[in-house]
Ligand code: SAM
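Below you will find one chain, with nothing else, as structure tokens; this is the form predicted alone, and questions on how it binds or moves follow later.
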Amino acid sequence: MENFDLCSPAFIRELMERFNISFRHEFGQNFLINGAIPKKIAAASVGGSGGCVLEIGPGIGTMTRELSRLADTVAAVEIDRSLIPVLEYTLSDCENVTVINNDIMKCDIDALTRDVFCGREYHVCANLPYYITTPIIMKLLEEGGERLRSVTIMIQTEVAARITAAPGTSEYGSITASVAYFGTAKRLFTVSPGSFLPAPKVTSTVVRIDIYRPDERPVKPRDEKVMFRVISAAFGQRRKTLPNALSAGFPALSKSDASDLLASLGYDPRVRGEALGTADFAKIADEIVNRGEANG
């Protein structure tokens, strides 16, 4: 591989001048200038196992080059058309990398990875824009397919705290319970604003989510969509007790019926959503389905 120093501020500015590009704030672009970080993230994502990696937002290819050293195949999806010529240049010697100019939110992830990776299992690695972190995470988990094995992401530290929070804590919310259904999330390390150009106003944290195989999920609701409706309702208005929240999320369920339903399952009707885990939400969802009250 060529000796590109993609973490050098001077080289980044040289690239930007050569290809007539600028930082795109609408895409949350912040390029890494601390060379140790992409190496750590790539190792956390791939380890020594090789395999296939879907990278979201390669930017100028800093992380991509590290991934290409460790993985058998890398597919890098970049939304910014102006960066495609840059990536063709910086990744010209990375024969195991395929660059795709597309918006990951508009991609059929299962179909894309099935095609590029020839049906093999894969990992996701991404430095996610802060403004769209949660939608991308949920799209990956919901549409990544049964071949998705892990998601390693660099995100805003506050979001990382929510994803990895425990029930009953102030950070615990709908994203926590939803992620826990698909896998186990762990915070790995933090990344300071000074590691980026331009420097963001927040600290970042790298999180790895190890994905359960569908038949190994510890929580198995009768209807996933109903369970996610329960989770969404439970955290829609955090100050409401769960019966009030459920009746708002399920119009066919009165507050009285919701209280009776929770009591029949052994829950205090005064309970709030943040006190419950994913298994509890699945249990409640199953009872809503049993009672035929999910269609309201």
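Heads up: residue numbers just count along the shown sequence, starting at 1. Owing to the predicted nature of the structure, the values given are computational and were not obtained by experimental measurement.
Separately, the form predicted together with S-adenosylmethionine (SAM) exists; it is not shown, and the next lines address it.
Novice: Can you work out which of G144, P129, G173, G183 has a heavy atom no more than 4.5 Å from S-adenosylmethionine (SAM) in the predicted complex?
Specialist: When S-adenosylmethionine (SAM) is considered in the predicted complex, the option within 4.5 Å is P129.
Novice: In the predicted complex, which of the listed residues (V159, V97, L83, V226) lies with a heavy atom within 4.5 Å of S-adenosylmethionine (SAM)?
Specialist: Looking at the other structure, the residue within range turns out to be L83.
Novice: Any idea which of 161 to 169, 113 to 121, 206 to 214, 70 to 78 reaches within 4.5 Å of S-adenosylmethionine (SAM) in the predicted complex, heavy atoms considered?
Specialist: Single hit among the candidates: 70 to 78.
Novice: Is the gap between S259 and S-adenosylmethionine (SAM) in the predicted complex 4.5 Å or less for some heavy atom pair?
Specialist: Because no heavy atom of S259 falls inside 4.5 Å of S-adenosylmethionine (SAM) in the predicted complex, the answer is no.
Novice: Hey, in the predicted complex, does P243 get a heavy atom within 4.5 angstroms of S-adenosylmethionine (SAM)?
Specialist: Judged by the heavy-atom cut-off of 4.5 Å, P243 is well away from S-adenosylmethionine (SAM) in the predicted complex.
Novice: Does S-adenosylmethionine (SAM) get within 4.5 angstroms of any non-hydrogen atom of L148 in the predicted complex?
Specialist: Looking in the predicted complex, residue contacts with S-adenosylmethionine (SAM) do not include L148, since no heavy atom lies within 4.5 Å.
Novice: Is it the case that S92, even though its partner is missing from this view, gets within 4.5 Å of S-adenosylmethionine (SAM) in the predicted complex, heavy atoms only?
Specialist: Flag for S92 set to no.
Novice: Would you confirm whether the three residues A234, G273 and D280 all fall within 4.5 Å of S-adenosylmethionine (SAM) in the predicted complex, going by non-hydrogen atoms?
Specialist: So, no: the whole triplet misses S-adenosylmethionine (SAM).
Novice: Counting only non-hydrogen atoms and a 4.5 Å cut-off, give the residues of 36 to 64 close to S-adenosylmethionine (SAM) in the predicted complex.
Specialist: Going through 36 to 64 in order - heavy atoms within 4.5 Å of S-adenosylmethionine (SAM) in the predicted complex - the hits are E55, I56, G57, P58, G59, T62.
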